[in-house]
Structure formats: structure tokens, C-alpha cells
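In C-alpha cells, one chain follows: the form predicted on its own.
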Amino acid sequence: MHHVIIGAGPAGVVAAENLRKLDPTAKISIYGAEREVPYSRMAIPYFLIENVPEQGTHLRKNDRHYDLMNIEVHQQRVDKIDAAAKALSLEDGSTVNYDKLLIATGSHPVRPPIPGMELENVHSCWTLEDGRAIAEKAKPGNTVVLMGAGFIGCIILESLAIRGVDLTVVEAENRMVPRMMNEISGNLIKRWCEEKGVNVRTSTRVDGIEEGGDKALKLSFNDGSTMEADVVICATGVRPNIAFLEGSGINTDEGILVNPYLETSQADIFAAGDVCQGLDFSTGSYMVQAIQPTAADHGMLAANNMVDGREQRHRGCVNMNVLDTMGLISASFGLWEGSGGDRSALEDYDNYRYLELQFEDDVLVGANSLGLTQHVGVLRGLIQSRTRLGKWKEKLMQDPTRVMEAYLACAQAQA
């Protein structure tokens, strides 16, 4: 049996390790498109602030980890899949046959279609190679513009601020992290960053970038203003890596379409992670969740289903984001924007504390929090267990911070 995994990120590595446990005698091969050992993109900001060396970004710190597990790691891009022949075409012209295949190719950064994005001092911050380039150019005192204040943008933001650059963040939406936080909490994060010395411009777009002036780049904005910068970093979103699947017969939409077992439209081919349009726990619909916890869950489940005789149905992943922005912890879970039911909120603007709960009947279905780290695990547990709160719903409507009491009381009642 030859299990092949395309993609050397968290989904692919977790899947390979689980396959080895389930199928000790199988051949397991990982193909990664980058000339790097498997690493975590989430660790790049820590590399930028020199909290970790390059090796600290690696998913597994032991250099012999994959050899010890008898997992082959190849640094070569897969160009094409022939599902009928169960074969892969590699960038060097060779082919590889498989028995079971997992596609875990992740995402790629998306740049807005504006003039100047191709200039030398405009970078994404997505690969380890990007991290090296930014570390070289984002020196203390340099002027840096960060385009995008989403989840990835805010992680990069902190590392840039610690590097001592003169930082301006530009976000097209009316708040920071708009796909994770509502207007109140998103703008509290903005105010927090501004108090830490970061210039944040929301409801603002970069219309063009050109060379010239006293610094390397000159930016123009949609409000008619301009500014100069040494470096521009683009963090305006990602999209699944599915272009190479053309002609493979694998059905795609936003990502790769899968059944409840993470199998694609082609037999013996599975998908996991950012590239997979998997089941969302809260909505029951299929969507791409480009977050690392989902990637790890997908990798584990896909491996189980790739081994003959093991069929585990995917119950869906809870949409979950936890973010540290310059020391301020924010989180969102499930249907954090609500679905038409009741809501309860604590708003403490002066102390940067915010908590909003969303209900359907007496079940907690979503939450948005800021500055309240003690509630993170409980909120996820209540949502994922679909616990009926009974009389505790009214208590949470009056004081949403009592979620731990509600969780313990409901758990005790069920026991």
C-alpha cells in the first residue's frame, strides 16, 4: 500500500503520522512544493521577532523525525493528477503511482489587482522565504505599510511592531479582523493598537504603488492621500491551491468538494486542510475553513478513512479563531454573528473587555470575546456539545460572563 500526500503543512504531516500508526507496513510519501522541510506558517511571525530560529518554525523539531517514522518527504511540486491511472506527474517530469491519495495543498496569498504590486519591495508574508525577505528589509525605524488587518495580518502586525518599524496598517473594511470580530470588538482592537503606537487606517484602500520619493515606494489611497514607505507587506487574504487539479476529474467549488468521509469525487482521493471544502459544524454547509485546528482535524480523519476498513464520518469543524494582537486576546466561535436568535453582551470599553453570546432557543451557537481568556475553552465546549442550557440561558442573558457556571451546572445535571 502506498499512501501519497500532496502538501507538507499541518494537515499533511498530521495525516502522515496517523497513517503510520494505523498502517505500520505501508509506504508513506509527502510531496511539498517548497524547498523547505515541513514548517508552520503560524510560526513565521515568531521567526521575524527572533523568538525562534528557522528550525523553530519546523512542524517537528527533530531533524530525523520523518526518517524515524519511515515517512518519505520530497521537496517537489505535483503538476497533475491522473485519477484513472492513480498517478501523479511531478515538476521534474517523473511520475509517481499511489494507492490512496490525500490532497492537502493549502492556500496561496491573494493580492489585489492594483498597479505596483509586482515591485521589489512589496512582499507577502506567507512562506518562510517571505519571512527571510521581510526580516532583511523591515529594519528598526523603516516605514512599513501592512495591507490587510485580518487574522494573518494581525499576527504579522505584532511582529513588525516589535521589530521597531514605523508601522501603518491599511484595512478596507470598517474594523480590524472583520471576518472574526464584530464592529464593536474589531474597533476596540484598533484603538488598542493605536495606543501601542501603530497607525491604523480602516475603511481605506491602497489604489496604487509606485517607485520614487525619499523612500523606495510611494502609495496612493482611495481618499486621495499618499505616503511613502520602505516596505509594503500584503496580507489581504488567501485562496485554496486547486488550479493544478484541472482535468483531474476532481470536483471543486471554492475548494475541493468532499463527502462526509473527506473523499473527493474520485475514488481513493481525499482532501484536507485549507484546500478542502469541508463540513461546517454550525451551519451544516460545506465551506473552506482556512485555520490550523481544522487542518489538523481533517488530517487525522482523512488518514483514518484512507486505511481500509476504517470509515469515520466527519461531524464538522467548529469555526474557531483565537488571536493575540499585541497582548490583547480575541476569539470567535461558531455562529459568532448570530442566526436570528437572542444575544447577550458585556461591553467594557475602558478595560478592553467584550463578550457577546449568540443563542438558538436555549443553545449557545456562537460567541465573540475580547480580553476574557478564561472563557475560551468553555465557549467552544458549550457550542460543540450543543448543550441545552435551560434556566441558565436567562442567567447568561443577564450576565454572559457566567458561562463557566453554566457549563458546570449543565454538565452536572446531565451526569
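Since the model is a prediction, treat every value here as computed from it, not as a measurement. For every residue, the number given is its place in the sequence shown, counted from 1.
One more form of this protein exists, namely the form predicted together with a small molecule; it is left out here, but the text below deals with it.
Checking 179 to 187, 165 to 173, 140 to 148, 269 to 277 against the small molecule in the predicted bound form, the stretch whose residues place heavy atoms within 4.5 Å of it is 269 to 277. Screening Asn241, Asn305, Ser282, Ser344 for any heavy atom within 4.5 Å of the small molecule in the predicted bound form leaves a single hit, Asn241. Contact with the small molecule in the predicted bound form, defined as a heavy atom within 4.5 Å, holds for exactly one of Ala26, Met69, Met42, Val376, namely Met42. Among residues of the shown chain, Leu301 is not one whose heavy atoms approach the small molecule to within 4.5 Å in the predicted bound form. With a 4.5 Å cutoff on heavy atoms, Ile6 counts as touching the small molecule in the predicted bound form. In the predicted bound form, none of the heavy atoms of Leu355 sits within 4.5 Å of a heavy atom of the small molecule. The closest non-hydrogen atom of Ser265 lies beyond 4.5 Å of the small molecule in the predicted bound form.
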